[in-house]
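The chain below stands alone, shown as structure tokens; this is the form predicted on its own.
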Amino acid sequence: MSIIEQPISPYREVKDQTETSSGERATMATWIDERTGLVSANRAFLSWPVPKYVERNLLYSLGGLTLVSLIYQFFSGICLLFYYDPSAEAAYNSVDYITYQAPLGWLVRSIHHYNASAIVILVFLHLLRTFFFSAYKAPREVTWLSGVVLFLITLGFGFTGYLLPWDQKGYWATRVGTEMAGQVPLLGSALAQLMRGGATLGQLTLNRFFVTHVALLPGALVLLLALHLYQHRYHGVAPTISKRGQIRARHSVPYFPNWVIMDVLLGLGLLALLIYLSWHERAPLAFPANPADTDYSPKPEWYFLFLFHLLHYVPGRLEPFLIVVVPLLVIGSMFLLPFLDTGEERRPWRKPVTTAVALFYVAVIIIFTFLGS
């Protein structure tokens, strides 16, 4: 009796190979997880339940979009470091080379330039959303405070990065900024000396701004950002103030892919906008810094413009008062807010004092920025 051999189906072979491959991946994942715990931790991170009302809500995606924008900024900054020379003699030429000769250098530098403004806007809007939703109340005080410090670090990036091209605009704007710091009562002279590294702007100033911009501030940012994200995960999403959101809060969805997809789509939209702005108008580069050109009229970046313009409305003897009092008043009130507003009411229209103060701050910043521009 003969045995007829049946041909093996190619589909069966593909299925066997797929099952073998999946089994190997599962075994590898198990091996890694047993020794590091990264696989299970990653699964727990992605499956974190979030309230239904945050899904497809742009206001709740501001934090994620800010994180994506920071990633763009870190990546573009690292690319620029391959060509940048932090010396007073060669800094300008290296930036000029990046802008006009390095492959896609104009695009990377322009994205870095425009994205710096985008980060300031996003962090500011994120803070406003957190304020008007009263997400700073207990037990989320540390989340709010770390967010305020992250906002200050963002402004620090803007101030220290301004000088690095060593062009006229950055040089003279930094000179005005250090002179303003020198007017601070009691500590002004020492503060200006610390920032400049000497009596005037020079190589030591560029060294200090460069190290602060690429090492100190990024290190502080990473640590504060880790604390901020941990607190956000630990306490969860703050309760919503809308009735519709409270109804939807009874249901939750996994963080991935529901919330992640929105952040990714918004991040791609931001990247497209940055590329368009870079293509439409490259990041500016003025003439090389000339300390002897006293006719140059400097202006700071737009996010410092309101304070710079406020100085036009006060007598010279009151400038130190304005330079110290205005930042201390705004920043101090932001730090004290979660300890002063401890009530259970979260709706901004039911908290007239704190809401009016915040709207006054925002109005002053917008109006004087517009006038200064």
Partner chain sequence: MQYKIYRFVLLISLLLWLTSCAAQPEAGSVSTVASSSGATAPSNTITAVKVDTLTTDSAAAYWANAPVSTVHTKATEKGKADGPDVNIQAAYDGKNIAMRLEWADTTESNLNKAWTWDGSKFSRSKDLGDRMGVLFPIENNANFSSKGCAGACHNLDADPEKWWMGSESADSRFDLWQWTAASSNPVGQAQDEWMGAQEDPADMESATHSDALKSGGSVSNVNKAKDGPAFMGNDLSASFIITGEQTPIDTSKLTQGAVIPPSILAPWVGSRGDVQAKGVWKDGKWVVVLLRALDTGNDEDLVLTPPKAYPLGVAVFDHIDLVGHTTTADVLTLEWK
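Positions refer to the first chain, counted from 1. Small disclaimer: the values here were computed from a predicted structure and weren't measured.
Here the subject shifts to the form predicted together with its partner chain, a form of this protein not shown in this document.
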* Quick one: is N57 in contact with its partner chain in the model of the complex, heavy atoms, 4.5 Å cut-off? -> yes
L70: touches its partner chain in the model of the complex, heavy atom cutoff 4.5 angstroms
no
Counting only non-hydrogen atoms and a 4.5 angstroms cut-off, does L150 reach its partner chain in the model of the complex?
no
Answer yes if any heavy atom of H112 is within 4.5 Å of a heavy atom of its partner chain in the model of the complex; otherwise answer no.
no
- Query: in the model of the complex, does each residue in the set I121, M262 and R282 place a non-hydrogen atom within 4.5 angstroms of its partner chain?
  - Reply: yes
Checked P288, P218, P239, G156 for heavy atoms within 4.5 Å of its partner chain in the model of the complex; positive is P288
Interface check vs its partner chain in the model of the complex: of Y296, F131, Y255, F210, the one with a heavy atom inside 4.5 Å is Y296
Counting only non-hydrogen atoms, the one stretch of 231 to 239, 141 to 149, 74 to 82, 272 to 280 within 4.5 angstroms of its partner chain in the model of the complex is 272 to 280
Restricting to 76 to 103, the residues within 4.5 Å of its partner chain in the model of the complex through any heavy atom are Y92, N93, D96, Y100
